[in-house]
Structure formats: C-alpha cells, structure tokens
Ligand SMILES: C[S@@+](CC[C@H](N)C(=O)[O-])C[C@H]1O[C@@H](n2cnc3c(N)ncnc32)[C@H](O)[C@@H]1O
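Just one chain is shown here, as structure tokens, and it is the form predicted alone.
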C-alpha cells in the first residue's frame, strides 16, 4: 500500500478512537489545510459533472430552468447548487446533509473564485448563516427523511449514495415517493468503485469485494464508509419501490483493460456470487428515476 494510502487509513482509524466531536473537529481541520490548494480542482471537477447532468437532462427532456432542486449530500462546498443556479437558472436549490461541513471563510473564497472563473455576480443573501447567494439554501445536520420536501421538482445526488447505508437509501426513496409530485425526477450519479484504488494504483477498482461484510467493516471507518452495493442491488431497491427507471448509463469493463485484468485476479467473497462481471464492475453509474 502506498505511504499516502496507508497514512490515510491509519488516520481515519485514529480519528474513530476519539469522541465523535473531537474526531469531527480534527477531520475538519485537516480538510481545511488543503482547501485552497484543491479549490480550482473541485470547481473544475464539479463543472464537468454539471455538463454530464446537462446531457442527461436534455436527453430525457428534463428542465432545470425555473425548477426547485433538492441536493442530497452537501459535502464541503455548494458547487453543484451554484452550477444549477447560475448555469441552469434553477429557481431554488436546497441542499441537505447529515453533517455540517460548510465554513464561512471557504464559502467566501468559493464566491470570489467562482465569480472570477465564470463571470457571474454572486449576490449574497443577508438571511443566510453562510455567505450563500439568494436561491441557495443549506440544511446541515438534517435527516432528509424527517424533513418536508414538498414542491421539489428534481432530487439530485453526486457521489453520495455509495456512502449511504442500503436501508437508508430505501427510506429516502420511500420519503420521496410520498412527498414528490408525480412526474418529478430523481438524478443520481453514483461512484460504486473501491475509492482506495484511486490513490493505490495496485488495487483493483473492485478490491473491496473480496471481503466479507465483517471484514470490510474492520477496514473502513465512518469517515470513508462505502456500502459496496453493485448495480443490480441499486436497481432492485428502486424497482421494489415502483420507480420508473427512465435512463441508466454506466462504464462497462473492457476485457482488454488493466482494470479487468486486476479484477480477474481477485477471489471474490461469496456475498457477490451470482453476478456477472459487468454487473460487478459497472462504474460511474448515472441513473434517472421518475416518480
């Protein structure tokens, strides 16, 4: 394991030994050390994601302009809300998160950089606890299943569902089914691969499939939780709740690729028996559901 990956793993396990409050505070401190260094990359990456969303919505006749969008998982910055507001011209973007990662100084820096990069005037709402623009709302430390979302036209998540426990995914979508009007859309961008492989190139993108559930829980922590759900398992949840799956795309493995070679060397745990190679390796899942 590369030194960077080993350090990160040890760090997360060390943070888990602290009280929840102490662990979260230290985690935030470490994240902020690299904030400005990573800001341009974060903005660029999110803009590329937004262009994917544009393609998906145009393909399926989904309008963003003048719509109310609910984002699941706010993360550290309101990047997608800004793109929905300033590029897509959404009327309102409401972001929910179980954690509270936004910090005023980081939002101020984002406002300045985003305005310069995209030539957009950001008018900050005087009512916002954070310097967020009018039309962007933030609800941290909020379980969306306990919050009314009536009036939302689109539910959106970006690289979030893979970090949510399967039962909570089901509960969320039961809630959406109850609150959303018929014809509303849910757009999920899911990263189902083993995230450790992004920093450790020796690992397969499916390396975590060789562990039992108990073994995997010894490897991961609450700071890097991954549910390991495979494509058919996601689809089964939505089908069981009678959602209309109107669009589905994902990366398919090439048998000539290095990723496929690494995958075939794995001895998979029996929990993942019965799936095809394509189902196990499906990556970068883009999914559109209709209520």
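Residue numbers count along the first chain shown, from 1. Just so it is clear, the structure is predicted and the values come from calculations on it, not from any experiment.
Form predicted together with this ligand: not shown, discussed below.
With the partner omitted here, the residue from 219, 124, 87, 98 that has a non-hydrogen atom within 4.5 angstroms of this ligand in the predicted complex is 98. The contact residue chosen from 145, 117, 128, 91 relative to this ligand in the predicted complex is 145, the criterion being a non-hydrogen atom within 4.5 angstroms.
Annotated contact segment (heavy atom within 4.5 Å of this ligand in the predicted complex): 137-145, selected among 203-211, 106-114, 180-188, 137-145.
This ligand in the predicted complex is not approached by residue 197, whose heavy atoms all lie more than 4.5 angstroms from it. This ligand in the predicted complex is approached by residue 75, whose closest heavy atom lies within 4.5 angstroms of it. The closest heavy atom approach of residue 163 to this ligand in the predicted complex falls within 4.5 Å. Remark: residue 149 does not count among the residues lining this ligand in the predicted complex, judged by a heavy atom distance of 4.5 Å or less.
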